[in-house]
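First, one chain by itself: the form predicted on its own, in structure tokens.
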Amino acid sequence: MDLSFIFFISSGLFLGWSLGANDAANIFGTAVGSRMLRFSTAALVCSVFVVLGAVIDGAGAARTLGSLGGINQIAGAFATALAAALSVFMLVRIGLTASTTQAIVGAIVGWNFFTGALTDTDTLLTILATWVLCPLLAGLFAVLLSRAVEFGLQRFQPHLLTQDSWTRLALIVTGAFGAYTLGANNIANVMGVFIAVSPFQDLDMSGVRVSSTQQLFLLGSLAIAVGVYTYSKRVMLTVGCKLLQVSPVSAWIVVVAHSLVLFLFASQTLERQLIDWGLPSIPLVPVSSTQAIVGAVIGIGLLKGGHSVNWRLVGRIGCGWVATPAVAALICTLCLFVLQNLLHLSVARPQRYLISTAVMERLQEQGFDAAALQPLSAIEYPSARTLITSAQRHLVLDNAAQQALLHASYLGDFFLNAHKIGNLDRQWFSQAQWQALNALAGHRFEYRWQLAQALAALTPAWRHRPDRAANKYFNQDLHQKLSHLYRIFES
């Protein structure tokens, strides 16, 4: 293994430690704060299930986050993870909760700004909207669950000792599930930017295959576990005691409400079912578990009149949420400047955009005005920003048109290496898709869309379907797979 990789990955491990120190409070903070569980018990359960969730189910979330950011050099990944980690650490240091999702999104935007990459504003606005919706939904679920539990207790009137023992068991079971989902969803924040540059090789241990990505996630999840043990108690008490004094039953309700919100924004099964029923689907975007847990706690407090909620602390936490992405973006920009200009490291692969004759024809097929594009042709642009700035002198481009122009004209070197094909997650692809990928082993393409066309020519399993409700899930999944291939196979 290249020793420089150990140095660069240290920022990801630092982010993992920060996540463990902060986000364990989202799962067990109310249980520890209400004294239903000891900190040592909560930390042990949390650590074990975080590792399991990251290694077993972490790949899906990593693919989603990877499609949001185009970080393509290990020094850039180092700076992005370091900026997110420092942002979270500073808030944890002063005893406030922070969101690693907000931090990593802010850091990626900082990377885009520094390297001249264009941020997809539609995606960014969708994520920002969920940052508002997430705590509101959690608060609503907490209120509804409180009413339901209150009705059930009045109806069946269990003995206090029985109720206490069942509540403790429910807190452990729910917390274990929450820790598992935390590992599965948030390991992408910690290690997702390092997948493309991982030096690990797949291992086969007595018939059990451990992929290079799973080995990477194991490292990240162990860092999270260390963060849980060494620094999470203070934030647990902030969520569980200082924000609002909650009863044991309320503590369980808060964790369930938090888990429901994460499930809504993360479940592909639910999304597919809504589409099958002809209903609007919920966007699958990373949401902050921190915001969900705080929203649920405030919902419980409002149900009791709102007098017991520490509104001053709520205000401080809100300021932390607003500051986190901004601080992460600023730190990331500074780190990238130092790495590139003082240490002379490459923080981003050089970008080239060229509207060749083939690209011109493809853009015309997509409805672009050929006459307006003509002044842009045969000129190589060094960044997305320069191309879009030049194009807007001749065309009116909304965000979708900007993304289409950038996608079609991005000039790269996409080589389908047989070894890299073998390292892909085989279970993610259908049999026909897998056979088509292997059939193209050894082929090289200049443009991303040429690779997509070559795959589509081999099998309908790689072809975009007509934009109808019944095809929405297939097309989303196809887009995600192609984005993953572009990132993996670019030399």
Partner chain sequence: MNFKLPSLFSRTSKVERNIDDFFDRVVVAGLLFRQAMQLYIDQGICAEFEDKMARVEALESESDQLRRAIETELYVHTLIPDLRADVMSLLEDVDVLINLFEAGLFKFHIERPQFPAATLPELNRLLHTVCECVELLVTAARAFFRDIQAVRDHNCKVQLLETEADKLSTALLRRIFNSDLDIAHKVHLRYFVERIDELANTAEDISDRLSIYAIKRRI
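Please read these numbers as outputs of a predicted model, since none were measured by experiment. Numbering follows the first chain given and starts at 1.
The next section is about a form of this same protein that is not shown, the form predicted in complex with its partner chain.
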Segment assignment from 154-162, 79-87, 403-411, 115-123: heavy atom within 4.5 Å of its partner chain in the predicted bound form: 154-162
Which one of L334, L343, L169, C319 is close to its partner chain in the predicted bound form, taking close to mean a heavy atom within 4.5 Å? L169
Could you work out which of K304, R93, R393, R234 is the residue within 4.5 angstroms of its partner chain in the predicted bound form, going by heavy atoms? K304
When the contact criterion is heavy atoms within 4.5 Å, does V249 count as touching its partner chain in the predicted bound form? yes
Contact of A323 with its partner chain in the predicted bound form (heavy atom, 4.5 Å): no
Does any heavy atom of E150 come within 4.5 Å of a heavy atom of its partner chain in the predicted bound form? yes
May I ask you to state whether V228 is within 4.5 Å of its partner chain in the predicted bound form, using heavy atom distances? no
